[in-house]
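To begin, one chain is listed below as structure tokens, in the form predicted alone.
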């Protein structure tokens, strides 16, 4: 029912723009407040739709998916969460899809964060992944299949120190369990015992620091998911083969979900983003129409 109403609402929104254009042509443009209302509806209505936008999986995303899916069962992945709630709309869908894939493939995940709220975002992503029936069938257990080591201050110093020993930076996990008492951490000394590093980043410290220290100094294999604003800064490292793949912004999240065959929040929010951009472009056209009509009258 909600899906049908949302589709009808979007159709009416589009048709009403014809009336807005007509008013503009006859010299009676709408108030700018109306534009804000249109943008709000364009952003909100797609969130209630079951439709999925057309998504083309780029080579950078496919390379990351291939690298993750080639890992054998019980491989150790260090997942670094370096973002906070304001960046969650772009990065959280990536994180949820990542955990679903990891749990379904029986991969062991070690979570940490260089941002204070990063480990909390990881917990939310894990909770969402555990609702998936296929993940529930695998029955991943905390401490055995995954662990959250929590936040550690110190930026890139933390990564550098982990190169000598993880325990030096994380003597206990987020639940205050001693490092040596956690089964999934047995035989994990430093990066040489980690098969893959996955970083979700919204800034500094983040992917740049993981490349400079974990990859360049300690030879880690790195993949990343970044906000759209940060992604252009990361592409040079990807082109230099210092990373195996990159998810950039909302489109990267949607591509990741499609490549994994797990449509989710990234695809839904990408549809919202597309419709919002479409409305803004149409109002730019309508605004320019009003401008040229006004200039023509003045010149006439």
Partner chain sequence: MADASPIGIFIAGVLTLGIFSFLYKDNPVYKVCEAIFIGVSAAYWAVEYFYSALYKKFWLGVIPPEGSGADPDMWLWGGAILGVLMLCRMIPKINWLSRWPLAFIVGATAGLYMMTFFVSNAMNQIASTMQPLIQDTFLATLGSFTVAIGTVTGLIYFFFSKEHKGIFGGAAKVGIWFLMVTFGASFGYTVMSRMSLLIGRLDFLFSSWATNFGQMF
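Remember, predicted model here, so these are calculated numbers, not experimental data. The term rigid core refers to the most C-alpha atoms you can superpose between the two forms while keeping them within 1.5 Å. Positions refer to the first chain, counted from 1.
What follows is about the form predicted together with its partner chain, which we do not show.
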item	value
Partner proximity in the predicted bound form: residue 221 to its partner chain, non-hydrogen atom cutoff 4.5 Å	no
Proximity of residue 240 to its partner chain in the predicted bound form, heavy atoms at 4.5 Å	yes
Partner contact for residue 24 in the predicted bound form: its partner chain, 4.5 angstroms, heavy atom	no
Contact of residue 106 with its partner chain in the predicted bound form (heavy atom, 4.5 Å)	no
Output flag, 152, 169 and 209 jointly within 4.5 Å of its partner chain in the predicted bound form, heavy atom basis	yes
Per-stretch contact check against its partner chain in the predicted bound form, the hit in 189 to 197, 133 to 141, 69 to 77, 226 to 234 (non-hydrogen atom, 4.5 angstroms)	226 to 234
Residues in 182 to 221 with any heavy atom within 4.5 Å of its partner chain in the predicted bound form	204, 209, 211, 212, 213, 216, 217
CA of residue 42, rigid core aligned, shift of 2 Å or more between the shown form and the other one	yes
Rigid core superposed: residue 31 CA moves 2 Å or more between the shown form and the other one	yes
